[in-house]
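Single chain ahead, by itself, as C-alpha cells, in the form predicted on its own.
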Amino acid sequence: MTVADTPLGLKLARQAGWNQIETDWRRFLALQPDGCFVGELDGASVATTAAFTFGPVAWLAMVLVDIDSRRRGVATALLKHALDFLDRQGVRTVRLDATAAGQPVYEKLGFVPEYPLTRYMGTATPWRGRPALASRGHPGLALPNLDVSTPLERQGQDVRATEEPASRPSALTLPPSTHSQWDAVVAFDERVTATPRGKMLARLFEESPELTQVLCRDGQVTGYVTGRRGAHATLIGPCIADDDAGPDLLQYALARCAGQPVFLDIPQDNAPATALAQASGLTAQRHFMRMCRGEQIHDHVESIWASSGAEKG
C-alpha cells in the first residue's frame, strides 16, 4: 500500500462505518510503510490490512474488504500475507482487537482470546465527580510539538513556562531536556503495555496536542492521555495511568471534547474506567476481543483507562 491507495482505504472504512480519516491512513503508512498491504481480486483493489511492529510485539489492523468481494477468501489470504511479513520480522507476539464476526477467522489463524473491551460512545461533558487537576496538586507537563521525522533526542527546546487557561489543568512546558522527559513517558507506557510504542505515541502527540496531557508526581510520570479526531467521533485514548491519575486524565480529555461525540475503548476488567464512562453519560456501543498469536503479553489492564483503539479486525 502507498499514499496513492489512501482513497481505497477511506472508501472501505466508510463502507464498514469505521472512524478513520486520511490522517489515520497517512499515520499507518508512516509507522510501517512496508507493512501496509492492498488485496486484489480479479485485478481490482478490494481490501487492506496493516501490520505494525513495536520491537518484539506486532499489531494487525485495518482488515477491510469491499462489500462486493466478501466471503471469497480475500481477508484470509491478505492476513496470511501480513503474518508471513511479521514472521520475517522476527516478532514474538502478534495482537489485534477482533469483532465478534472476525474472531472465528483469527482463531483459525492461531489467535487466542486475551480479554474483552467495550466501546463507549456519546456526547462528551466535563466529568464533575472529582476536583479539577490543578486543585488536586497534579503538576502537569504540556509536551511541545514533536517532529517525528527526526530522532527524538534532537528535539529538546529551550521553552519557557506557559500560563494555561483556567479550564485546563495547570501545566508547564518541558525544560530543555525534552528527550529525557519523553523517554520517561515511553518507559511508563511500556511498563503497562509491555510494548515499546514510542513511535506511535510520538505521532499521536504531534497530531493532537490539544488532547494530550501528561501528569507527574514527585518527578515521576503517573499517566498520560491523548486521542485523535475521526469521521464520526473523537477517540479518546490511549490513556495509561495509575489509579489516581486515570480519572483526572479522562476528565481532562472529556472536558476538551465537551459537546462533541466521543469514543472510549475500555478493557472490561477496568471497573473504575467503566464506571466513569457510564457516569459521564456514555453508553456501550459494541464489544471487542483482544487476541494474540504467539507469546502472550501480560499488560496491566487496571492501568489502561482507554485503549489506543488499534483498529478492529
Ligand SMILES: CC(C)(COP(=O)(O)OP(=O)(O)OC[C@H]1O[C@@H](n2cnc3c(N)ncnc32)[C@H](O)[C@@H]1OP(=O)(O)O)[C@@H](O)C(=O)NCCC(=O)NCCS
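Predicted model only: the values in this text are computed from it and were never measured. Note that residue numbering begins at 1 and tracks the sequence as displayed.
In what follows, reference is made to the form predicted in complex with the ligand, a form of this protein that is not presented.
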Using a 4.5 Å heavy atom cut-off, which of 193 to 201, 68 to 76, 228 to 236, 116 to 124 contacts the ligand in the model of the complex?
68 to 76
Taking the shortest heavy atom distance, is Val262 within 4.5 Å of the ligand in the model of the complex?
no
Can you tell me if Ala101 lies within 4.5 angstroms of the ligand in the model of the complex, counting non-hydrogen atoms only?
yes
Given that the ligand is not shown alongside this chain, does Asp97 nevertheless sit within 4.5 Å of it in the model of the complex, heavy atom to heavy atom?
yes
Consider Tyr106 of the chain shown here, and say whether it contacts the ligand in the model of the complex, taking contact as heavy atoms within 4.5 Å.
yes
Which pick from Leu10, Cys292, Val301, Ala16 sits with a heavy atom within 4.5 Å of the ligand in the model of the complex?
Ala16
So the ligand isn't shown here. In the model of the complex, which residue out of Cys36, Leu276, Leu254, Leu64 has a non-hydrogen atom within 4.5 Å of it?
Leu64
